[in-house]
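For reference, the chain that follows is the form predicted alone, supplied as structure tokens.
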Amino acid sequence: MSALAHLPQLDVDPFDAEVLRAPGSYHESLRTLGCAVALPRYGVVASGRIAGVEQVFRDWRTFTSARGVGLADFAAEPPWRPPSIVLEVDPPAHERTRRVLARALAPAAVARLRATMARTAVDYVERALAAGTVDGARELAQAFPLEVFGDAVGLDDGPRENLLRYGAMVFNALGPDNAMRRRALAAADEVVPWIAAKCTRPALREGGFGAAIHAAAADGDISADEAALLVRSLLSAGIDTTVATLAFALDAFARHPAQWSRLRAEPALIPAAIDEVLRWASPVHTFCRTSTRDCVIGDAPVPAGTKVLCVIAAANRDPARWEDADRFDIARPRRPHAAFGSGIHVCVGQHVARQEVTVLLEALVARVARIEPAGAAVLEPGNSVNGIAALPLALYAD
């Protein structure tokens, strides 16, 4: 840590489950201490201010993804799986693979699925209303994306819960060798081969995102192996973050009934409401980069080879950008947040995620007068993504 001794120091374990369950004081300390703060427990630098996080995300030459977007530095230790060829790679290789993925997930391609997704969302809401009380985490936030996203990719009707298990591996592997990481990776021998099989062309239905990616291989834009890895990227990141966003949205509206009433009165606020959930709850709370050279974050010198933790959840409540930032307010002025990242590695699948959340909120707004807690929500902390494991809700029809 001598190389970071000049920076403000914060003795905290940012991957401790209890810190993740109640991160407010940790986040406030990060923002107060500076734009770059040393965390001696791991010998890394953390940035919890929106300006610092955006600077790091937008400068891929200085802050590389190719050495891993988690705590591990791929220059010093091998990754647990072959790295992502779209997220854990920089230009020029990144441009080629991202172009293929972006074409498969183009807004027009996503829009073609909207009507089907919307009908499915209505079915889920009607079943929830008929039941009266539901586990919003499992029966809505998990079940709905597993069905519609799985169909959009072109998966068959196998055990799609494996997508959740695989996502937990991917995101928890971004942290240290703690209990969350070990628990997630314990299922690797069962789940990883299942995922690998689902990434091949014969396993994917015609007309889905997966088939479109493999079509690029047939055209010579990428290799067949690269096509499978790009489908793996979809299956890695396409479920958990959307599931968490939906769960946090349901929880937020259950705990803020006035905001739900406002949304029902003004459905045009749904896009703003989604951004407020992403800002306020920040399901993806931490992503990393590695400095390629001596540099500064804000005005703080950071030496080459330093792992930088971009603490998105802290940045998204930075009072420098948002007034009364801890308040959940769907009508607040919209300003850029960091929930989807920024720069060349900004989330390529955000159009899909936004559409899934939108159609479910539209179905809820049309039929549900009140969403009320029916028990305590159970937060599920993770090394990079937080979620909700259980969310008892009572839904009341108009």
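Note that residue numbering begins at 1 and tracks the sequence as displayed. Nothing here was measured: the structure is a model prediction, and the numbers come from that model.
Unshown form predicted together with a small molecule; subsequent notes refer to it.
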{"item": "Close approach of R81 to the small molecule in the predicted complex, 4.5 Å, heavy atom", "value": "yes"}
{"item": "Partner proximity in the predicted complex: F253 to the small molecule, non-hydrogen atom cutoff 4.5 Å", "value": "no"}
{"item": "Interface membership of W280, the small molecule in the predicted complex, 4.5 Å heavy atom rule", "value": "no"}
{"item": "Contact of T306 with the small molecule in the predicted complex (heavy atom, 4.5 Å)", "value": "no"}
{"item": "Joint contact, V170, S233 and F287 to the small molecule in the predicted complex, by non-hydrogen atom at 4.5 Å", "value": "yes"}
{"item": "Answer option from L174, V148, V125, C199, heavy atom within 4.5 Å of the small molecule in the predicted complex", "value": "L174"}
{"item": "Heavy atom within 4.5 Å of the small molecule in the predicted complex - residue from A121, A152, L87, I239", "value": "L87"}
